[in-house]
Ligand SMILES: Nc1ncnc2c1ncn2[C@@H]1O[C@H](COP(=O)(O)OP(=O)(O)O)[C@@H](O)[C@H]1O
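Below sits a lone chain in structure tokens, taken as the form predicted on its own.
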């Protein structure tokens, strides 16, 4: 699989923070009692992805539910071990480091790679005050810091994420906070570690529409202040567009475990090169495009193929209105179509045999 390099305008070095090399993450499906002696079905959640995350970078991953974006995100920050391929942090293999085979501490890597969950309430202990929850990671990573210094740092960061008066919010329990306030606590907890990369996994999907832009703006402001990179996951193309556009980053479109198109948000949305990106654009009415969307989705069928037994060749060919016989035989790799814009589609190559192959019947 061809490499998606970090070429975002925010990158301050050519050396990536995170380097993902041909990563695959396959899961065995649960079997019923009657299936215990049969071969298990395997879900190919991520199936051959290579991507770099640079310093102060933004990569927004978007796609349908079940496309593998969350699994890829967790793999990028070392929460999910790949079935194959490698994930490196500053040149060290993360899982070799965990095994003690590099000169870096795995604890240092875990501190540098943080996550904000979709449901922050589930990640906050309901029996502990916010100050106690936020004190724990500081106590573990900086045992020499006094209680007063910990509290001062927590109050300062709570104020920075818009929770004022900080002393009042620090003394509350999670059930005394709104959904937006819980999300701000989750952001503050991630930033306490001064991380290099934060995975925001559907971090705004549970918020009211009126609060989503406010939360995205806050994350981007803090990204600049803390020099942190974001992997932002969303099923909503308009949110991915906003976050990547205002963070000078990229949007990556995922389909059935593969990255099928990556590029600058405006270029990807106004001139999509992959038919699946056109489907996502059609399904997102609030993109404020000049062109009127068609009344029918630009694909042959609605049903998503089984990830246990994905289609041969291009995995989108069973739904693609532009598919030809060549698409059923070979899987296209990401190739550059313009500066920082890559697509995995044979139609991007005017000399490919796709153009000579026969069209598929409906």
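The structure displayed is predicted, hence computed values, not measured ones. Residue numbers count along the first chain shown, from 1.
Quick note: we don't show the form predicted in complex with the named molecule, though the next part is all about it.
*So which of 85-93, 174-182, 160-168, 68-76 is the stretch with heavy atoms within 4.5 Å of the named molecule in the model of the complex?*
It is 68-76 that comes within 4.5 Å of the partner.
_Is residue 336 near the named molecule? Define near as a heavy atom within 4.5 Å, in the model of the complex._
No, residue 336 stays farther than 4.5 Å from the named molecule in the model of the complex.
_At 4.5 Å between heavy atoms, is residue 307 in contact with the named molecule in the model of the complex?_
Taking the distances in the model of the complex, the answer for residue 307 is yes, it comes within 4.5 Å of the named molecule.
*4.5 Å heavy atom contact, residue 45 and the named molecule in the model of the complex*: Residue-level check for residue 45: yes, a contact with the named molecule.
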